[in-house]
Structure formats: C-alpha cells, structure tokens
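Next up: just one chain, as structure tokens, the form predicted alone.
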C-alpha cells in the first residue's frame, strides 16, 4: 500500500511538472527559445493568490482568476519588451541571458514586496481527502484536483491546437515562420498568444503546487521550473504529449527516489535522468530531430 501511495503522490507532483513544462515546450516549439523566466511566473501566480486569499480575504477562485489574468499580462509584457526585440539576434545566447535577467528581476521584485521569509499558503481546494481500502490509502484533495486539471488542460490544449485556426497558426509558425508569414499568418500575434497561454498555465501550476506543498517564498518557482524544463526535455521539448509523459514520469521518479533511496539525493536523481536522456536520446521520448536548412 505504501508503494501505491508513493505512486499517487508521484503522479500528483508529475502533473504539476507537466503543466509547467507546457510553457517551456510551447514557447520552444513555436518561438524556438527557452523562457527561463517561466518558473518565476509560477511564483507570481502563487503570490497573487496568497495576496488575494490571505491578505485581502478574497474568494479563492476569484483570486485564481486574478492570478491567471496577471500572469497572462506579465507573460505578454515579457515577450513584448524583453524577447521580441531579440528574436532576430544572431546568437541564441543573448535571449538566454535576457531570460535569466528577467528571472532575477521577478525574484527581487517579490523580495521587495513580500520579504524573504517563507509564508504559509492556504489551499484553494474546498473539499477533504478521499480514503480508500478502509483508510489504508489516503488521497489528498489537492492530488485529485491536480491530476484532473492536468488531464483537462492537456486534452483542451491538444484540441485547441489541432481544431482551431489560432492553433493551426501555431503549428504553421512552429514549422516555418517565414512561410507562415507569407501565407498571411500574424507571426508576432501567434507567438504572443503562445506566451499568454503558457503564462496562464504557469499561474494554475503555481497555485496547485503551493496548495499541495503549502509554503511560498520568492524562490518558490525556481526549482520546480528547472525540473519542469527537465520534464520537457525528457518527453521531447516541443511536444505537448511529451510534456505530459515527461512530467508524470519525472514526478514518479522523484517521489520513489525520495522514498526508497534518499530524500537528500532526490534532486540528484532528477538531474541524472536529464543526463541519461541527453546521452541516450537527445530529442527526448517523443521529440523529433529537426532538419537544419542550409
């Protein structure tokens, strides 16, 4: 029964990683850049709900909607101010350094507003845990909501991309920006929409993360953001199903490693997974090798 409990906890954590990984994989798949400030957008989303619920007494779901809205605006603003002017830069390193700069800016802004101390986060899930097999297995309400939210988000996003015109535009831009522009697709608008969706999902992931692990600080999004990036690489960065599979597998690996090997080495195990994947299959489980045009 302990193994089943660990497995459930792993799927819950993996669902959060999968939702976060979507932001990385969508931006990379379409804009061909890595937004390393994505983890700090998670922190902003969680702090918005913390401010609304704990400091202002707002309804939790109203606070969640406010969090999603603020993160969407933040993501679009970051893309417009920091990334769009560098889109044609000769070196991708410039964009990467800019993303790290945006990350530190958001962290220090949170430090100025909320301070460095860790604060207690109030879960937004309104019901209690579920008990199975006469109480031998207890599934927290946050676990159920997180896993359900992950499946709903993945299904909705897949349908959106394959069944709607904006989604088809995303696929076209991901394939060839120049050809898409010649066909009348608004490339800038499509990339902005991608950042908006990824940032909105980051807000949801941040709230779910802090509901399951009820503490928050300006550094809350840093390590989950890095692990979600590993999950995106694991599943095949640029692939939405890959983000789901990579996130779930990484969450299970981390929890099982923490339970059966060492709590201190659980993060090491996660990074070892990244190294092994890059050595054995650099494109990830569902990734495809890109043909370089010359």
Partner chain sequence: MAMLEVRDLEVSYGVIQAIKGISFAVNEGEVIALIGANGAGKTTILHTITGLLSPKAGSVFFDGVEISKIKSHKIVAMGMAHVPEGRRVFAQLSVYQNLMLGAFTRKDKSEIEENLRNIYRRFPRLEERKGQIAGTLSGGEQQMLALGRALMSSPRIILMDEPSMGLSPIFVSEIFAIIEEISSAGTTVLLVEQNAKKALSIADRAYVLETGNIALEGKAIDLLDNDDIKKAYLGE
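Positions refer to the first chain, counted from 1. Computed from a predicted structure; not experimentally measured.
One more form of this protein exists, namely the form predicted in complex with its partner chain; it is left out here, but the text below deals with it.
The single contact residue among 135, 85, 184, 126, judged by any heavy atom lying within 4.5 Å of its partner chain in the predicted complex, is 184. Think of it this way: in the predicted complex, its partner chain has a heavy atom of just one of 193, 157, 180, 110 within 4.5 Å, and the residue is 180. The closest non-hydrogen atom of residue 94 lies beyond 4.5 Å of its partner chain in the predicted complex.
Not displayed here, its partner chain is approached by residue 171 to within 4.5 Å at the level of heavy atoms in the predicted complex. Remark: of stretches 95-103, 185-193, 206-214, 127-135, the one touching its partner chain in the predicted complex is 185-193 (heavy atom within 4.5 Å).
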